[in-house]
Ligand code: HEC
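Form predicted on its own, single chain, as structure tokens, below.
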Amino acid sequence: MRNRNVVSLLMLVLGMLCVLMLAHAQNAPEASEKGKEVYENSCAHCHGVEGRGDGSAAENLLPKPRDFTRGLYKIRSTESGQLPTDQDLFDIITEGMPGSSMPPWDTALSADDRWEVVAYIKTFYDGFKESETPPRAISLEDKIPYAEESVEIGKGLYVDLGCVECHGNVGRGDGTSAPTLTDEWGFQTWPANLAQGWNYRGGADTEDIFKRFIGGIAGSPMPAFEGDSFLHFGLTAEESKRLSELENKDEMTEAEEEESGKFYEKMDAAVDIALNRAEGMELSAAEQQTYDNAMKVVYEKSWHLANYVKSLTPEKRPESAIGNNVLRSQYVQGALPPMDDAAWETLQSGYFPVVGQVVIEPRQFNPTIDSVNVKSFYNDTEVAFLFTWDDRTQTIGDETDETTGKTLEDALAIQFPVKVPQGPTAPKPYFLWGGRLPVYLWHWKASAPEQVTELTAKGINNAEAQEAQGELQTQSIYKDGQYKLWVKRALKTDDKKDLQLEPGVFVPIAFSAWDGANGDVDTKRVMSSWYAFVLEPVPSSKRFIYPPLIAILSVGFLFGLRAFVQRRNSEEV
């Protein structure tokens, strides 16, 4: 009996703890001097002392830090026009905004400090005090599970709903409207690269993507899927399909014009109801039913679209090309495959993340290129590389930097040491294009897409083209927001300034990339540190000899053993 009472007491205590933790997770404390102190020490440098997004670092950041005084929050679990929950604010502080200058604070600030910051941030906007009812949460009921059929439906909606205009044909953020987009404050903003889920702000789960559609991204060009922002809002799926058929006709009959007119009247009525609801007006039972019917269609299509967007990105961010993932050039007999050969699809890419160069002026605090992906083949005399990287715009050298007057264009540089370090502890050249120890570079520019220039550098501002240019073969293409660059070169050359390659030797490799549309020029670029690649040793022909030899010996042994047993049995008889 005593043990039973102890267990009951423990269960009661645990239950009370869970209730307390849940309450703490849903509601921030009252604003305090502690919250102000934490905010001013950790947040004000970007967001400003008064929360206006005008901190000392704001000028160098893109996207700009959020102006808390406007009450417009991008990432929410609430409907369009609603304020975020305390939990929403806490989650953003905790997880940060990937792909922006807003870092995660989960390790730098305790949970209590983050809750204090939530409370203090809310003081910048009076709407939090004036709100009499909790914000309306986005419903996740009737979720449509991820399936190929749903993905295909979502793929069609991606075009029909106009997502392609900003996010591009395959979602890399290279749509025709992308370069012209601005936010609520007039600052340039870029649509998300949907192929890089690790940079999704607010999470990359299907539910998170769905919330971005229903709630919109406040202050940005991304609208909420409601009212006049949603195609054929207020119509059923069948009515929407019929109206599209009518709209695509060169000429309609009188009856068809009357039919389409009724569709437009129905849409206008639904949009008016949605606007009234957003403004806080109370709806009649009939109006509420009209709104619910319209949103049921919106929700269904949004789930399909969320499943399609989810299909565009890997489950997780690729692992960097280190350790077991180091770039391994595969040996082939005969000619190396050209850029468009299907053989490249058989290789796993080496993933090389890049970051803005912030060591030397001019610096790049707002990089737009995330990584360079590389594959490689080699044969007895040559090596070929296929480099790919995402760039939302193609800039080919017809623009200039307003400050320096220098040409802006997209470019890539692949960096090697002139001499391969002998062993893992041997010194490498300085990763910023060398120094006392020089580096050997391949430099490609979008203005000369079929040419790679060989450089030798002893510093980021001390690079020269080699007098004797090797016979590098080059081919490149830009399509759907992505560059592909194919380079082939001899393993060995007569130039002492060139890198000499041989199988089994790990060779340091690094990258620089320039996005001309982002103002990249000279030292203003993205870069990687040193990684490594290796020409996988040529497979030995002995591996084809040993298995059959072992098989023959095994068979011979079995026959010998059998003869021995038969002979022994006959002797015993």
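Here the structure is a predicted model, which is why all the values come from computation and not from measurement. Sequential numbering from 1, following the sequence displayed.
Beyond what is shown, the protein has a form predicted together with the named molecule; the following relates to that form.
> Taking the named molecule in the predicted bound form, would Phe68, Cys163 and Val309 all count as contacting it (heavy atom within 4.5 Å)?
Yes, each of Phe68, Cys163 and Val309 comes within 4.5 Å of the named molecule in the predicted bound form.
> Which one of Met222, Leu408, Ala195, Leu83 is close to the named molecule in the predicted bound form, taking close to mean a heavy atom within 4.5 Å?
Spelling it out, the residue with a heavy atom inside the cut-off is Met222.
> Heavy atom within 4.5 Å of the named molecule in the predicted bound form: which of Met295, Val117, Leu441, Val487 fits that? Just give me the one.
Contact check passes for Val117.
> Within 4.5 angstroms, counting heavy atoms, which one of the listed stretches 528-536, 41-49, 500-508, 514-522 is next to the named molecule in the predicted bound form?
It is the stretch 41-49.
> Is there a non-hydrogen atom of Phe213 within 4.5 angstroms of a non-hydrogen atom of the named molecule in the predicted bound form?
Yes.
> Decide whether Ser101 counts as a contact residue for the named molecule in the predicted bound form under a heavy atom distance cut-off of 4.5 Å.
Close contact exists here: in the predicted bound form, Ser101 approaches the named molecule to within 4.5 Å, heavy atoms only.
> Taking 4.5 angstroms as the cut-off for heavy atoms, does Tyr200 touch the named molecule in the predicted bound form?
Close contact exists here: in the predicted bound form, Tyr200 approaches the named molecule to within 4.5 Å, heavy atoms only.
> Even though the named molecule is not shown here, does Thr189 get within 4.5 Å of it in the predicted bound form, heavy atoms only?
Residue-level check for Thr189: yes, a contact with the named molecule.
> Does any residue in 124-155 get within 4.5 Å of the named molecule in the predicted bound form, counting heavy atoms only, and if so which ones?
Contacts from 124-155: none.
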